[in-house]
Ligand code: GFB
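The form predicted on its own is given below as one chain in structure tokens.
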Amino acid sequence: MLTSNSWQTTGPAKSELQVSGTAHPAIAFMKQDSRIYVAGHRGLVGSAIWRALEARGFKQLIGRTRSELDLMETQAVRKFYADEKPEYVFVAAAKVGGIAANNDRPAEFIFENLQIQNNIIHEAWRASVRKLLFLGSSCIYPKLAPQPLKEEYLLTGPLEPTNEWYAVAKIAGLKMCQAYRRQYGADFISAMPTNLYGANDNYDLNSSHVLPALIRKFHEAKAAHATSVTCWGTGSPYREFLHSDDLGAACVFLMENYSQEQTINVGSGSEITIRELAGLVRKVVGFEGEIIWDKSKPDGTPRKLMDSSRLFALGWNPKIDLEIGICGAYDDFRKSED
């Protein structure tokens, strides 16, 4: 059995700056030839981070598909780190889904996410990775937390029941980063993005989030010459949306400009009701029928607006307008259907 001392000698030495758990290492900028691993590089978030890195001229980007590297297998992840020796790691790999998927498969959501992030984070520490960015989700905040959601509201109340399994896993991931930072001086940070959309999204009606689900629903209704589209709930909840390319740029920015134990929110700073969002998607798709709201279905959290003032104060701001972003997402969906 490993003792506490044997754990200490497995990974990098503890930084003197981190003994108290309050200070942080000096921020190191990534170099053009730095080896950078993007876990989940083909997904919505990972592909956006990859594009942002490419746009900045980084040359040694490392990605693996699920068939090439099973992130749930500890030994496979350990070998990957030993072989590839990444210096920086973006953790964008996760099992994600909408309300229906979380409700129907809670065990899968908590187990798989815990296993994936445990392997990536722990093995990054063992391999002496210089810096790691873990991506959580706005669903980690209490269901009825004050709005807008500040970082310090975490763990101050009950979670939204429809996605608590995913949320608990994500909370464990950011706490893991904090723990490794405190105990070992690892420069591991966590960012909490708001609701996302963009290229390479999941448009499956049984497992997707609200915006891509609406895109598919209205597109199929238009193609079928349907007279109406039925949407879940009342349409009254407020949601904030951020384009994945904005998040990708924010992640690269944070990797180079942020090094603190406190998680940091990444949002657009604006919100819209689901009813208004449905109308906007209907307009972009060109569907002319009626929208029917099935009030027997759950609404989820009534409001979820992130307070991203800490990030904005560092000098980063989103650039992509919601309607323009939805137009791009619809183009991406149609390409995926070809």
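Position 1 is the first residue in the sequence shown; the rest follow in order. Computed from a predicted structure; not experimentally measured.
What follows is about the form predicted in complex with this ligand, which we do not show.
- At the 4.5 Å threshold, heavy atoms of residue 268 stay clear of this ligand in the predicted bound form, well away from it.
- Put simply, residue 69 is far from this ligand in the predicted bound form: not one heavy atom of it is within 4.5 Å.
- Looking at residue 99, you'd find a heavy atom of it within 4.5 angstroms of this ligand in the predicted bound form.
- A residue is said to contact a partner when one of its heavy atoms sits within 4.5 Å of a partner heavy atom; residue 239 meets this definition for this ligand in the predicted bound form.
- 299 is the sole member of 288, 299, 54, 276 with a non-hydrogen atom within 4.5 Å of this ligand in the predicted bound form.
- Scanning 172, 231, 110, 154 against this ligand in the predicted bound form with a 4.5 Å heavy atom cut-off leaves one residue, 231.
- For the marked spot (139, 209 and 213), a heavy atom within 4.5 Å of this ligand in the predicted bound form is present in each of the three residues.
- Annotated contact segment (heavy atom within 4.5 Å of this ligand in the predicted bound form): 99 to 107, selected among 183 to 191, 248 to 256, 99 to 107, 83 to 91.
- Scanning 156 to 176 for heavy atoms within 4.5 Å of this ligand in the predicted bound form gives 163, 166 in sequence order.
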